[in-house]
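Shown next are two forms of a single protein chain, provided one at a time as structure tokens under the names structure 1 and structure 2.
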Structure 1
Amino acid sequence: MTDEPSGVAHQLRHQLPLLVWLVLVWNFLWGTWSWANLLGGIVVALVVTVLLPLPPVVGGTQIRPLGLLRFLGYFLVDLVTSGAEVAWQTIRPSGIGRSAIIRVQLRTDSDLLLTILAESLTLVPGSMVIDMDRERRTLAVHVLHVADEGDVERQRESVLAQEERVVRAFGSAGEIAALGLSADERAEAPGRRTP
């Protein structure tokens, strides 16, 4: 929000990813690529962004190819393995045992990164973000089927690992440094648990 009074050009630069996405969607919807579709898409995207403005995403990201590949690979593996696991838990006669709602202390402080993290956590079967405390940077995650306390701790660790992967894929240098700086927070995180 600090760079708000910088004029239309700046605002347009913030909106550019959204514009590109809208033009892409328009072209995909038409199915064929042509100049008419491209121009029509640009017009529609401009109308949409002007009439229905969204707040700009503060602090753009940079994408690191290696981190992104790692994130996507882990994400796909997670998706398939835990998808199979949840499917098995659904059809097996004993059903699911107990679930848990765990609260995890995060280390990043960026809206965009937190959004990506929450989306990817919810997309992976078996875990679902219920609530997020933006000020305290905590995330409440509902986990389908935990066996015991050790399992809960493992889930906590996996959330933190996922956060690390997201930050390493999309975060800036400062945010990656923040991961390492507050490693002591991670040590005391289990202490925040309530019996």
Structure 2
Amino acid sequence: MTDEPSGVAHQLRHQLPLLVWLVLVWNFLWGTWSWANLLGGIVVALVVTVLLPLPPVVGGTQIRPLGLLRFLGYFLVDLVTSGAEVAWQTIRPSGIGRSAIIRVQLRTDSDLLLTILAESLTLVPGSMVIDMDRERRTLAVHVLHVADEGDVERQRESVLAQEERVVRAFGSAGEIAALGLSADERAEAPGRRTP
């Protein structure tokens, strides 16, 4: 006899946060709370999760409170300062100078961490992720107003610093340790995520 939970019960337990979220969204969309909306939301959430299941997230994530605070603090500062810079570049007489597309070699391998990184970079005014090569772990990022090659390198270092903050906020101990490894050492390290 095995101690593994049954398939449906196990799936529902792991899908519970998604189910709760879908029910909440359903009720917010209706704009009023009622038992009918609550029950309708439960039915819709169950139908959506059964008919359109999401692929499992390998390994999940851990939230590290100090890393999360650091990530959020830098993110909020980036939002304000970048927003002000883009606003100034837009209204100043000379307009927006040259922009650039930079390719950044990343160190993390996790789909979830790459998604958080790409979203956090795109949400900051003045930068946008335009391509992600999952197999090579590279991001192509469009950035506004670069004066010279030094600006390009500063932008590249900024992306790598954001990657480190994301990994230290949400990554596993192995992913945090991989930040200090060389590219060859990372390729040989065990525990690679999905291809």
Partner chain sequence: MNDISSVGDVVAVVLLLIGSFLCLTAGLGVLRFPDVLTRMHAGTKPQVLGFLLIMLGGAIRLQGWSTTWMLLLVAAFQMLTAPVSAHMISRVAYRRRHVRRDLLLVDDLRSGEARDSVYRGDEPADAPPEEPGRALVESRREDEVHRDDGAQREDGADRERPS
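C-alpha atoms forming the largest set that superposes within 1.5 Å between two forms make up the rigid core. Values in this document were obtained by computation on a predicted structure and should not be read as measured data. Residues are numbered by position in structure 1's sequence, first residue being 1.
S.K.: Quick check: structure 1 or structure 2 for the form predicted alone?
M.R.: The form predicted alone is shown as structure 2.
S.K.: Can a Cα shift of no less than 2 Å be assigned to V129 between structures 1 and 2, given superposition on the rigid core?
M.R.: Shift of 2 Å or more: no.
S.K.: Quick one: how many Å does the C-alpha of L39 shift between structures 1 and 2 once the rigid core is superposed?
M.R.: Value for L39 between structures 1 and 2: 5.9 Å of C-alpha shift.
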